[in-house]
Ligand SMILES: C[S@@+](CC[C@H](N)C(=O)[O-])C[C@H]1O[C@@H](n2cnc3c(N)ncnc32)[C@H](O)[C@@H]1O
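So this first bit is one chain, no partners, the form predicted alone, shown in structure tokens.
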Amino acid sequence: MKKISDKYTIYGRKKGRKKINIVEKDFFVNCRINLETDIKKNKMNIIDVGSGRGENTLFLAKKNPDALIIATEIFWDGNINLCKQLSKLRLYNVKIFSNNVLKLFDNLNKDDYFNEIWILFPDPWPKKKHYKRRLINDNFFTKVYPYLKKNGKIFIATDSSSYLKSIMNSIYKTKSLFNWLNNKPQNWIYDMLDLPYTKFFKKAQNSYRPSFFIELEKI
């Protein structure tokens, strides 16, 4: 296995105040992914990028009991909270990658491992000087393309209008790689779809900001 790269900058703190001992130690250890074996074992692999408190990870784990759900989250408080919920619900089809998702791809050979990639409410970095920190751009789509299976999908949600415009621009630039399946505005409305009510979706609702949902399919 390749050494995980340190070339990606992490903004903000990674560790919080929660302690790992609030989770069964063996359960926590077993939740951590082994990239050499876990992904290859499963016919269906789904990535939840920036899993946060784990609302979407739990949603995906229940909806896809035969799939491996990979929760990628750099902040330990979120990972500990997710492990606590997994232990409580006795869900065993989730593994945690506690680092930048781009490092996960760097640590794999370019092969079609994944059926779905979910990115719900990524940090919008609203200041123009911070736009370069945004995860989703045309380089991101180009990078993940080889790792998706045929007809593999990317699901994205955001409540940031400027980020939405940027994502749409990147979709246009990479239109030879992905089909935009729900490309009519009436099909973007997050609230109208069977999707989890995450912390950031609720924050958007409380601030009367509409949330947009995008579904892409690999060509």
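Predicted, not measured: the structure shown is a model, and the values here were computed from it. Numbers for residues come from their place in the sequence shown, where the first is 1.
Missing here is the form predicted in complex with this ligand; even so, the following discussion is about that form.
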property: This ligand contact in the predicted complex: Asn137, any heavy atom under 4.5 Å; result: no
property: Any non-hydrogen atom of Lys199 within 4.5 angstroms of this ligand in the predicted complex; result: yes
property: is_contact(Phe141, this ligand) in the predicted complex, heavy atom dist at most 4.5 Å; result: no
property: Heavy atom of Gln85 within 4.5 Å of this ligand in the predicted complex; result: no
property: Listed residue (Glu116, Asp123, Asp106, Asp77) with a non-hydrogen atom within 4.5 angstroms of this ligand in the predicted complex; result: Asp123
property: One stretch from 45-53, 146-154, 58-66, 174-182 that, in the predicted complex, holds residues within 4.5 Å of this ligand by heavy atom; result: 45-53
property: Contacts with this ligand in the predicted complex - residues in 88-114 whose heavy atoms fall within 4.5 Å; result: Asn99, Asn100, Val101
